[in-house]
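To begin, one chain is listed below as structure tokens, in the form predicted on its own.
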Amino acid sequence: MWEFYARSFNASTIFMVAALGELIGQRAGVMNVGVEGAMLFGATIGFIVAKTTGSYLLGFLAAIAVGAAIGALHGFFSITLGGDQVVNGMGIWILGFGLTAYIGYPYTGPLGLERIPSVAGISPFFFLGIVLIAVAWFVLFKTNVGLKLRSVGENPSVAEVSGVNVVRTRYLSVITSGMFMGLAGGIYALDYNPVWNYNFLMGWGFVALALVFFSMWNPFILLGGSVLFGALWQLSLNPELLFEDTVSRYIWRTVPFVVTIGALALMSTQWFSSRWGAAKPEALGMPYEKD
């Protein structure tokens, strides 16, 4: 039983870190549906660097750096050029899907490094994720930086009149967002499942994206949702850890996605929007043009 819990916590870490990055970007009004693409870049580049240098530190730094670069790229098209954020995000996902398959193919296989030590089977990155959640909540809701970031996500015109540099604040948010996504990809490839293969994330980024809406843009609800989806994901991979006689594992593998679709369907209803929708940033997905 503890093995299932430990694996669930480890799986939740990837959802937690990636979704937290997307939450930060969305709080500033910038949506990136290409979470999976940014994670693929972070995972692949981090894996290659760690494997060629033998250094986990360099691998994670490379994953974070490439994530920041992808975030800046998304910012250029969405903030500077004012393009459609959904289209730009899908472009990042397609780019990541294709380019990482090409550059990562020669490195297919196990990482070949000694595994990162765990605490009773739980990855140290799970505890890091909890710390990041707490820090993000404090910065967003208890600091001037967080107030500026949330203001450009609610009403950028008013924020600009109040002296907030909307473009700079949004760029800061999307670059930070990309760093978290790259880190999440690095955690997956270097710690959770250190074996590179073609498109090995298999939808983790899209679940992380859904978690942001599920959390109503609150970091602590995001933490709970990540643990829940981590457990569902692990159950879909190893249902025998909880149930001896169970239906096909392939049916179980649909559970995280079915729950995701159900949660998003509920949140799209008028009842949910009228009761809980106030947390959604008003300017989410809308380009800003300074008058």
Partner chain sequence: MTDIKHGDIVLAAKGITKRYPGLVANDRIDFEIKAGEIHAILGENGAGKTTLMSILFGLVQPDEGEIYAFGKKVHFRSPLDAIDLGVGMVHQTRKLIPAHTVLENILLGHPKAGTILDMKRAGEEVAQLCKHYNYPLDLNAKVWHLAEGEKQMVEIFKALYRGAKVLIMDEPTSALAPPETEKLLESIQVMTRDELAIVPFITHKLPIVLAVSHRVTILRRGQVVARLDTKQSTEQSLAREMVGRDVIFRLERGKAARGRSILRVENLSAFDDKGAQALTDVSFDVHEGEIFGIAGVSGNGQQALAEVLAGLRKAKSGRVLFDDAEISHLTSLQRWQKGIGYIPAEQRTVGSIGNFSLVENMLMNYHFDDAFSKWGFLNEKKARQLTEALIAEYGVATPSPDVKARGLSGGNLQKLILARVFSRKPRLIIVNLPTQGLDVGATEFVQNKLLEARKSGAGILLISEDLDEILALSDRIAPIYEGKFMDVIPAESAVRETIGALMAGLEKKAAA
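Residue numbers count along the first chain shown, from 1. These numbers were taken from a predicted model, which means no experiment stands behind them.
One more form of this protein, predicted in complex with the partner chain, exists but is not displayed; see below.
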Please determine whether each residue of 51, 54 and 102 possesses a non-hydrogen atom within 4.5 angstroms of the partner chain in the predicted complex. no
Could you work out which of 202, 86, 147, 116 is the residue within 4.5 angstroms of the partner chain in the predicted complex, going by heavy atoms? 147
Only hit among 134, 94, 221, 161 for heavy atom within 4.5 Å of the partner chain in the predicted complex is 161
In terms of non-hydrogen atoms within 4.5 angstroms, which of the given stretches 213-221, 70-78, 162-170, 125-133 touches the partner chain in the predicted complex? 162-170
Would you check, heavy atoms only and a 4.5 Å threshold, whether residue 289 touches the partner chain in the predicted complex? yes
Any chance residue 108 has a heavy atom within 4.5 Å of the partner chain in the predicted complex? no
Answer yes if any heavy atom of residue 151 is within 4.5 Å of a heavy atom of the partner chain in the predicted complex; otherwise answer no. yes
With the partner left out here, check for me: in the predicted complex, does some heavy atom of residue 155 sit within 4.5 Å of the partner chain? yes
